[in-house]
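Next up: a single chain in structure tokens, the form predicted alone.
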């Protein structure tokens, strides 16, 4: 393995610019791809228009005029949302607004179960910590990031120089303004773009359907099609008198966005053009075959098993107590979401023989290199490097994901690390106690204690003795391998379960923080958590990080080679939670032999599922009454009420809440999921199987109007029939 691969000025980064420019006029492969909005002209907007798009590149992204990008937001920390009125009204998914809805819920006012609708702006509920962020512009800064990389630099020196360049770029873009900025690498560091944002912090809950609508099907249907979920919630963005961001204040006014979307209520047909804009989180389309094999055979199966155990424990307690159900509902969904997705990824990649496909691609890549002497010099070692690095990583990877999926799945372990970090940073007693208050609001000791016992047992049963922390001796000795007894002892003795002792610790912290930290580190929960983290930091972590750095540099070279090799087609960059544009069409699909799924669902399907008796298929009585009376208003079609539809847009996590638009950029619905067979699209996109799932905007309007009686909200929307 080459330990000192170098970065040279006008090397890989410079070559990448040439590749992007020369490839800019080539045809785009329809449907697949997460395209950078700023580069649609280079990606060949004409091909997109031939597929059905009736907008120009400037209509989608522009710094000279209001455009679609100005109607989109990052909602919270991981979703997308869209503006639908001139008065700051915003749509996103129910599951994206779930945390805010939960925080306003109690047993007495259970907005999760019953839904919530503000019948005037005075009734809208503020949400501390919730943000909405607009992209104001993006800029290619590859050349600026390369500045100062003179001659040959070792990787650490090159990284420091690039960090200095990044800091300079961000300062220049934001100094003297309330804007923020970040620089993100693309194509594994072969190109860099800067994104400048404006963030609003006064975001109020306007409406959310009951969970039996907003999360209809719940875990039973998650990642599945056919789907019947009204997965939407509504918020409003507020600003100060200058229409700029401001902290919550009753005097704030609804924000006037630069652009909001028209609502296309005329419906969809199979084959219709669709497009999605939003913030897909992470994809890995260019993985080496060994990484895909490891995912299928090792990492995903282990993580699925660990999460299965946690979900079973949470579910048992949630069913027994409504308070616990509310406390753990959001946590359960967070654990369950990836758990089910991973199972779909295994299914999809296996069906598509993804490892074999990767191996064939790598054979073609090797042949391309061997055909040219200059390529051999530049890229000849790339595949051998991958093989060596991945082979060496195997022994460390299990420790890394066992740490994240078992040890740090224990709530008190995570919270103890958080509090210790706050104390070491010298944060005030008030901030530490606020953190504890927030933690305890959604914490139930019996759940976490049982998960602790189960996760520790899983760790020690699957890891080699060389990866055991010191507590293994105590568990096997004093407690004779009884993990439940060990966990009970930890939870009985920790200050986290003895409020009076924690208050005394805070008293000590105010007088002498060093002594308080020393005392805190002796707490059994803190000490045990630190044994695991120390083992990771001192032994596994440094080696693993070094291998990751080598891997990243090799992917950078590999990606540059692929871009050079594939100049007859555009290669889109992996998702990295920056704004992307993707397009496709309304389309049915065949998941397996003898099965065909239609492209839409209706309210009749909800009632059919309700007869199956599953709790996830409960139906609110008012919705049943509307169905029986066929009282759909103008939103129904031929005696039916459309609910969801599917299309072939390439989406990922982070696209939750993204607008699904027609050829004119009008809102058809809200993206909320992918089909189970297509979840592998993060790694391998198959246009015959991969579908994004959308709640039809007509169902959203129907629920707001006929179910909730909040038709006043429709008055501020621009609805086109």
Ligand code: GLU
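Residue numbers count along the first chain shown, from 1. On a predicted model such as this, the values are computed, not experimentally measured, just so you know.
Missing here is the form predicted in complex with glutamic acid; even so, the following discussion is about that form.
Answer for residue 105 alone: is it within 4.5 Å of glutamic acid in the predicted bound form, judged on heavy atom distances?
Result no; residue 105 lies far from glutamic acid in the predicted bound form.
Evaluate residue 653 for contact with glutamic acid in the predicted bound form, applying a 4.5 angstroms cut-off between non-hydrogen atoms, and reply yes or no.
Yes, residue 653 sits close enough to glutamic acid in the predicted bound form that at least one of its heavy atoms falls within 4.5 Å.
Residue 98 near glutamic acid in the predicted bound form, any heavy atom under 4.5 Å?
Looking in the predicted bound form, residue contacts with glutamic acid do not include residue 98, since no heavy atom lies within 4.5 Å.
Contact between residue 677 and glutamic acid in the predicted bound form at 4.5 Å, heavy atoms?
Heavy-atom contact with glutamic acid at 4.5 Å: absent for residue 677.
Tell me which of 496-504, 644-652, 560-568, 619-627 has residues with heavy atoms within 4.5 angstroms of glutamic acid in the predicted bound form?
Every other range fails; the passing one is 644-652.
Only one of 337, 127, 415, 530 comes within 4.5 Å of glutamic acid in the predicted bound form by heavy atoms, so just point that one out.
Comparing distances to glutamic acid in the predicted bound form, the residue within 4.5 Å is 337.
Can you work out which of 200, 635, 223, 193 has a heavy atom no more than 4.5 Å from glutamic acid in the predicted bound form?
If I apply the 4.5 Å criterion carefully, the residue I get is 223.
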